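For reference, the chain that follows is the form predicted on its own, supplied as structure tokens.
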Amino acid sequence: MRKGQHRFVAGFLFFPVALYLIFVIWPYVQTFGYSLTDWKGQSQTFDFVGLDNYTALFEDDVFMGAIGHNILFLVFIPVITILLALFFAFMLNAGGRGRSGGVSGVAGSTYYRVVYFFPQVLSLAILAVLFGAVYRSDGGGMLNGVLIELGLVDENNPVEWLNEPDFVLWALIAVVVWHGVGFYLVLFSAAMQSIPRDVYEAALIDGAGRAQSFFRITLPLLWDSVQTAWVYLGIAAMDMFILVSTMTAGDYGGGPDHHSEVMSTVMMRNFLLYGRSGYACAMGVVMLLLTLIVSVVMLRATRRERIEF
């Protein structure tokens, strides 16, 4: 009977595992193999060059600069997004006081949930077009228009948000945060709704304020959800291809003068524009390894004992 059960389970697992190996694992293996060659992309012939492509990566100032930009995104995007999402989720679920003196969300919390989640329904392509209009440096840019009306920017010298080396990375971070806060607000709200109201009401009776309730009750009990959000946002910060390639200047983005370059844009430019496909495959392998390292480090760094209630 047990042997038959094993065959039954193996039969169900065979096709999903086979598809995963063929369409996920095998392309990774192929990419690593090509990264050890001088493959040009369209040519059927190539020569083995060993680790020369990887050696060249560490001498490539553009790629090393792109790694630095991804690290900047990795630091600020998860931190800002999670902090804002946690704050809004707490206010919408436990930041108000009911008529009977109990704990409830702020007035209009159901409406705010819909409003905050709205950016998440927009695709990244639409998001790039939308914020391209917001950041425009001519008279039609919304952000410059507001600043001109407030007298903070000269009408004849508007800020070029996506063409200023000092501003372009922060402009992109603002887009990602605006897009992601709503999703993680819903994620944290769903987790908060599993926390018994009695816990908050007991803390309220003991004289705890909103800040104490958040740091001593909400955050510890939501730590698993925070950990998940941190990993997902870290992976997103290691990519950033769509927004950078569509919103910034240059072939496949990265402008001005490589000041917004990320690893994925350098990789795609080398693969599609320069015909250095083997070199681009080496970049892809490095991206994979860095993403795996980031995921493991984040899981380890944020690991703590599970709190039961």
Partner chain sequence: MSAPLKETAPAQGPAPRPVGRGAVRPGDRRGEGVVLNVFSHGFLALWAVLIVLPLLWLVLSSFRTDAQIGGSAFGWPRNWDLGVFSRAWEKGIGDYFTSTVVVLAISVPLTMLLGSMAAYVLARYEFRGNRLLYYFFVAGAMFPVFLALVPLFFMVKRLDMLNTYHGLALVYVAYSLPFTVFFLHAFFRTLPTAVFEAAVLDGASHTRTFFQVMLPMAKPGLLSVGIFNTLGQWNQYILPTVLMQPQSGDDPERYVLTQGLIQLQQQQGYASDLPVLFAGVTIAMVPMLVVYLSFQRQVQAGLTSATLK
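The term rigid core refers to the most C-alpha atoms you can superpose between the two forms while keeping them within 1.5 Å. Small disclaimer: the values here were computed from a predicted structure and weren't measured. Positions refer to the first chain, counted from 1.
Separately, the form predicted together with its partner chain exists; it is not shown, and the next lines address it.
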Exactly one of Ile77, Leu130, Ala171, Val159 has a non-hydrogen atom within 4.5 Å of its partner chain in the predicted complex; which residue is it? Leu130
Could you spot which one of Met142, Leu152, Ile71, Leu219 gets a heavy atom to within 4.5 Å of its partner chain in the predicted complex? Met142
Thr37 versus its partner chain, in the predicted complex: is there a non-hydrogen atom within 4.5 Å? no
Contact with its partner chain in the predicted complex for Gly284, defined as at least one heavy atom pair within 4.5 Å: yes or no? yes
Can you tell me whether Phe88 touches its partner chain? I mean in the predicted complex, with a 4.5 angstroms heavy atom cut-off. yes
Closest heavy atom of Pro27 to its partner chain in the predicted complex, within 4.5 Å or not? yes
Is any part of 216-247 within 4.5 angstroms of its partner chain in the predicted complex by a non-hydrogen atom, and which residues would that be? Thr228, Tyr232, Asp239, Phe241, Ile242, Ser245, Thr246
Cα displacement of Val296 between the shown form and the other one reaching 2 Å, rigid core superposed: no
Taking the rigid core as reference, does Trp26 move its C-alpha 2 Å or further between the shown form and the other one? yes
